[in-house]
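Listed next as structure tokens is one chain, alone, in the form predicted alone.
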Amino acid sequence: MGYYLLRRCLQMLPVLFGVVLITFVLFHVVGGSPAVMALGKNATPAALEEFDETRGFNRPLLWGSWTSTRAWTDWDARRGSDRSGAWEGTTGSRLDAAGAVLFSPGVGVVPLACPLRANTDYRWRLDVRQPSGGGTLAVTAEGGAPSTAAVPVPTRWTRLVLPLAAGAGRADGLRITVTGGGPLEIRAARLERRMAHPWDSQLAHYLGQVARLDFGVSLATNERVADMLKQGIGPSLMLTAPIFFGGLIVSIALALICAWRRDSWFDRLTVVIAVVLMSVNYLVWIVAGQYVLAYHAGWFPIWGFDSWRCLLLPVSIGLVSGLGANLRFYRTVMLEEINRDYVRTALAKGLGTPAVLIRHVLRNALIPIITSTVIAIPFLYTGSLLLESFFGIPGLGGLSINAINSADVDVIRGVVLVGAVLYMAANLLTDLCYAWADPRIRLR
């Protein structure tokens, strides 16, 4: 068994790595900019850059020594880029008929959306030419960074990489100095920031966080996500655990009785009630229970998590609403077992009805019961979204909804990762329960 557990745990590692990669793609690639989702489209570039710096989103996606910065918008006239976005406020420039930017000989200033960071190396990649020839180009980062040496500009389109060395100040703009007998033409430009090393990327940063069990910091509350999960899992389990175990015991007991008294008035009435419970929407039970039992009758608190009485109504609603589907499923399983030959043999030997139902029928029906129950255990961790929201229970269900509404990426990602790990653990537990319930099953 020890070898089996070790082998299964090793098999979980690539699955877990795949889950981490999927969450990385969903939250870093497919979903767009997390900074824009969290702060809104009207946020300033400086605020967006600060958000990305804090959470590691301003690094290269997979690897690379250089990455873009929000201080300046990437621009390419060949792709129809609008000049007003990148070159707005630039002095000493004009636009030609082909969409390129022209700088006359002299000095021009390109303003930046947010200051460049001190003690950080930058570079400006430009596609330039000077048809008249004989000119040079120099770029200075305003605010303290030293100037680059002037470089000659060819007459044909050429990509120039102009480094901006690190300095003690924070540059607010770029000063362009052009010499020669004619204007300098620019058709593409990109400002990049140097990374500490090529693997200082978003993926490496994310994998490091997961390895340290660090799920980041919530944008809404500025708390550590790990602490928020610890605080929310207690109320969630206090709500979902009684619903799960209470519903399991009641539904199995009723299913055994219905199977034993098949086609009796009790069996038929129970089936009708189960169908009714399945047909009524979950939200109807919540609203009706709050209005009738809590508001009018005053038997339960409507809202809050002050004492154990606050859990009575939501637990009762969870039991009633989920009883119908479980009862019908377990009744079908019991009916299949109760008509087998070993049951008739046990009864013929004089074994009592309770012993037959529990020691034989229930024991042989455990495989489908284990399949449906153990795999539901991970969902106890996430809580009940509707019950927690309507009754004000500070569990992980309400935490997840609030995180989705406020685009709190770190919280959503933490809930997804922990849920995935618990789901894999539940699969392993299911296999172990199979071997316990059926001696014919071997763990190998």
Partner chain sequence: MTTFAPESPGVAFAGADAAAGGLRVWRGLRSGWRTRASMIVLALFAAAALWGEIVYRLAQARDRTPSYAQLNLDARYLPPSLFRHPFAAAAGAEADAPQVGARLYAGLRELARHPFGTDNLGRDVGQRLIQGARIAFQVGVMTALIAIPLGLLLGLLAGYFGGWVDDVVVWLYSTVAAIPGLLFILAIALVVGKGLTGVYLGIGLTTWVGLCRLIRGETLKQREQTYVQAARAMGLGHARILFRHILPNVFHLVIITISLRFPAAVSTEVFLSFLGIGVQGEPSWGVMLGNARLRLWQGMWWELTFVTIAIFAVVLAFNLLGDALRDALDPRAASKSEG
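Remember, predicted model here, so these are calculated numbers, not experimental data. Under this definition, the rigid core comprises the largest set of C-alpha atoms superposing within 1.5 Å between the forms. Positions refer to the first chain, counted from 1.
Form predicted together with the partner chain: not shown, discussed below.
### Task
Note which of 245, 266, 157, 295 lies within 4.5 Å of the partner chain in the model of the complex, where distance is taken over heavy atoms; exactly one does.
Looking at the other structure, the residue within range turns out to be 295.
### Query
Within 4.5 Å of the partner chain in the model of the complex, heavy atoms considered, which of 435, 429, 9, 22?
The residue in contact is 22.
### Query
Is there a non-hydrogen atom of residue 107 within 4.5 angstroms of a non-hydrogen atom of the partner chain in the model of the complex?
Flag for residue 107 set to no.
### Message
With a cut-off of 4.5 Å between heavy atoms, is residue 328 one of the residues that contacts the partner chain in the model of the complex?
### Response
Yes, residue 328 is a contact residue.
### Query
Using 4.5 Å between non-hydrogen atoms, is residue 335 touching the partner chain in the model of the complex?
It does: once the partner chain is placed as it appears in the model of the complex, residue 335 has a heavy atom within 4.5 Å of it.
### Query
Should residue 353 be counted as a contact of the partner chain in the model of the complex, where contact means heavy atoms within 4.5 Å?
Contact check for residue 353: no, nothing within 4.5 Å of the partner chain in the model of the complex.
#### Entry: Location of the partner chain contact in the model of the complex, chosen stretch of 226-234, 358-366, 336-344, 314-322 [non-hydrogen atom, 4.5 Å]
In short, 336-344.
### Heavy atom within 4.5 Å of the partner chain in the model of the complex - qualifying residues of 6-28
Sequence-ordered list: 14, 15, 18, 19, 22, 26, 27.
### Task
Inspect the rigid-core superposition and answer whether the C-alpha of residue 426 shifts by 2 angstroms or more between the shown form and the other one.
No, its C-alpha moves less than 2 Å.
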